[in-house]
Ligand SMILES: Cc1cc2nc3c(=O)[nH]c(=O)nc-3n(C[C@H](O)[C@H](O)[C@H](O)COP(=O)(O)OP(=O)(O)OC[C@H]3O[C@@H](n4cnc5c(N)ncnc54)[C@H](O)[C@@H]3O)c2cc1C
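Starting off, we have a lone chain in the form predicted on its own, written out as structure tokens.
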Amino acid sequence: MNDFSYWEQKYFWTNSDFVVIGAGITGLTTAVYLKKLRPDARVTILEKGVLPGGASTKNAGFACFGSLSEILDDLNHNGEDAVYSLIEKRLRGLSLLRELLGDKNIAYESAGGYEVFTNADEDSFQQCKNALNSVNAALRPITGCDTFHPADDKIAEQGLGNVKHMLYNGVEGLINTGLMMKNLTALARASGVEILNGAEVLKIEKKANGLLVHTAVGEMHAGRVCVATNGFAAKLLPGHDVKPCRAQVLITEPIPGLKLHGAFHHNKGYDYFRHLHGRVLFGGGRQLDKGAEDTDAFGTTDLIQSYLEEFLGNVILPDVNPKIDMRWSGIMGMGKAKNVIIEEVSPDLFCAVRFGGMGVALGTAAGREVASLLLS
């Protein structure tokens, strides 16, 4: 136990009805819904970092509907029911996020999305073209419209180079990740949720009347615990099909006259880029070295950053020679399947993890669902 004072022990580091591990999108919304459903409960979030570490404050700010080539890839590995059910959950989760915080507080833009195909992507484009009508028909009950449309005529106005084909998706949107997390944190605190940073959880021990949460700075007793650490969950949930996957990102300096507008995908969703405050934010390249990127260590690599810069200069901003302002990485939670794991792991221990890079869309609904489980 750290050298806590009487005041700290009594008013900060004390027993909680519910302890949520992780202050990302899912952890915060879980805590918010717990307070909505049980206003008298003591709810504490334990977060190991100064800010939530994984991907909640490090993602690209996509509403996360996805691209046609990604959907086709998912259909090759999963049944139709599973794929389209997950898409429906993404839309429902995004709607819940917008309802919880309001569009202004996440700077939501119904900007639409584009999937770009270079000359090297001709085979992928033909597969998408051939499947366009069938996928649109399957999505129509979910989106209420034909989701994907040919958009070759929009290539020039987006300022792109070396792009041969483009598909448009009117359902995709953009958010401001930083604004979203700042306001979600504020909502949690205003709801009476206690957030303790710098408290890395090391293990969770079952006791007769609840759980004992062991952290790097002390122990806390909880009636029930929810693990909401996504990409870092394997350390606390051994045996679960969830592993960390790193995503690398860069952002340019402001570019005068930037034409780019919307959310862009490439290569089954592995690459993604957008406009942001007159800059280009671009992430991806994980497919180049999946073995090395299946890690919970933050950092960037020359291999992937070089790929991002080359694609940036050849496709996104041809003839501009943009300067890179910042580079960073985030940690996602992946598994063999793409569905979220929401369950009671053992008596009084619950989890909501494995968002497959779609936490922005799925996290809020997952938080509400696991909060109900925690109270059952």
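Bear in mind the structure is a predicted one, so any value in this text is a computation, not a measurement. We number the residues from 1 along the sequence you see.
This protein has a second form, the form predicted together with the named molecule, left out of what is shown; the following refers to that one.
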query: Segment that reaches the named molecule in the predicted bound form - one of 66-74, 26-34, 342-350, 314-322, heavy atoms within 4.5 Å; finding: 26-34
query: Non-hydrogen atom contact residue 19 with the named molecule in the predicted bound form at 4.5 angstroms; finding: no
query: Contact of residue 264 with the named molecule in the predicted bound form (heavy atom, 4.5 Å); finding: no
query: Contact label in the predicted bound form: residue 59 to the named molecule, heavy atom within 4.5 Å; finding: yes
query: Proximity of residue 232 to the named molecule in the predicted bound form, heavy atoms at 4.5 Å; finding: yes
query: Contacts with the named molecule in the predicted bound form, stretch 268-299 (heavy atom within 4.5 Å); finding: 272
